[in-house]
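Quick setup: one chain, the form predicted on its own, written in structure tokens, and binding and motion questions come after.
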Amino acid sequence: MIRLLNIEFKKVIYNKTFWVLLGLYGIILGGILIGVQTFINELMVDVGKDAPIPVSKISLYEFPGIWQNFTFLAGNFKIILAMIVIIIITNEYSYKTIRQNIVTGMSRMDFLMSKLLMTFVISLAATIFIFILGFILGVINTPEVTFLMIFEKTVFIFAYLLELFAFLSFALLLGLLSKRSGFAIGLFFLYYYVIERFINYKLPDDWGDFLPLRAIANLIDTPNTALMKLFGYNFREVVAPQDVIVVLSFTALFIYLMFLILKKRDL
């Protein structure tokens, strides 16, 4: 495992696109998470001027709700990480390193495992980033912090790790299937923003929840903040076991399809 990861890190260490996109992800997501509470409260003050009832400020940074708030918001930016994964796998075909790896003794299963390990490391690094930022802001903004309060809803952190890995595994599958980064990224955007939403629109109620990317997104529901309650919404505040099972099943399917592609394709 360590050997496979070392090989992967050597491939990306001088890849400027990889680091630029990773840095862009961190800057955009970090900036939004740090500034979102101020932005929403200022917006609510403006709206509240004409509201028939007083609109109070909300806190997105207090424990334990911060974990669902942050992971839900972060889930909207995982497509940047998907682009990174697509570029990593398609570069193997562009620079013919996949053929070189196989010729020099790496099995096709080892090659797939190395990509999955790299995908997991990216997912884990992004999750740790969210956890550290959430922990710092939570400690600063929670009036009375207790140990139990901090870790009460950290299940959302683990759900986010699963969400990321499943989502990036789908991106890896598309990159492996198409072999060209531009085409794969275009196909990913097309499926993400158009095809799956169109299929969901045509399916009967709730059937769309079993489409792959929608199922992955369903792991973490919209947070039940004071703002949502103000408008009469009531969202789920737990990670449903059935959603975890569905996402794990899709992830296993993605990995199996990648194995079949590598097994049958002439490299």
Partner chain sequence: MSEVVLSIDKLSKRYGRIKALDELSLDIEKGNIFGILGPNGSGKTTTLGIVLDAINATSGSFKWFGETPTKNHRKKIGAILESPVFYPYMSATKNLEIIAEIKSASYDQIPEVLKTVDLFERRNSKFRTYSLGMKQRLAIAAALLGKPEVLILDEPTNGLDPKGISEIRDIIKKIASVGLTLVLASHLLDEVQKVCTHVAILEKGKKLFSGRINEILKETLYVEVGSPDMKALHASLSIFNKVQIVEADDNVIAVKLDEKMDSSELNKYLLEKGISISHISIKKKSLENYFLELLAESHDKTS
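Here the structure is a predicted model, which means the values were calculated and not measured. Residue numbers count along the first chain shown, from 1.
We do not show the form predicted in complex with the partner chain, though everything after this point is about it.
The partner chain is not shown here, and in the predicted complex it never comes within 4.5 Å of any heavy atom of F151. Among residues of the shown chain, K179 is not one whose heavy atoms approach the partner chain to within 4.5 Å in the predicted complex. In the predicted complex, the partner chain sits within 4.5 Å of a heavy atom belonging to D110. In the predicted complex, none of the heavy atoms of T146 sits within 4.5 Å of a heavy atom of the partner chain.
In summary, among the residues V194, L124, V103, I136, the only one with a non-hydrogen atom within 4.5 Å of the partner chain in the predicted complex is V103. Stretch 95 to 103 is the contacting one of 127 to 135, 95 to 103, 180 to 188, 152 to 160, since its residues have non-hydrogen atoms within 4.5 Å of the partner chain in the predicted complex. Heavy atoms closer than or equal to 4.5 Å to the partner chain in the predicted complex belong, across 5 to 35, to the residues N6, I7, K10, K11, Y14, N15, ordered by sequence position.
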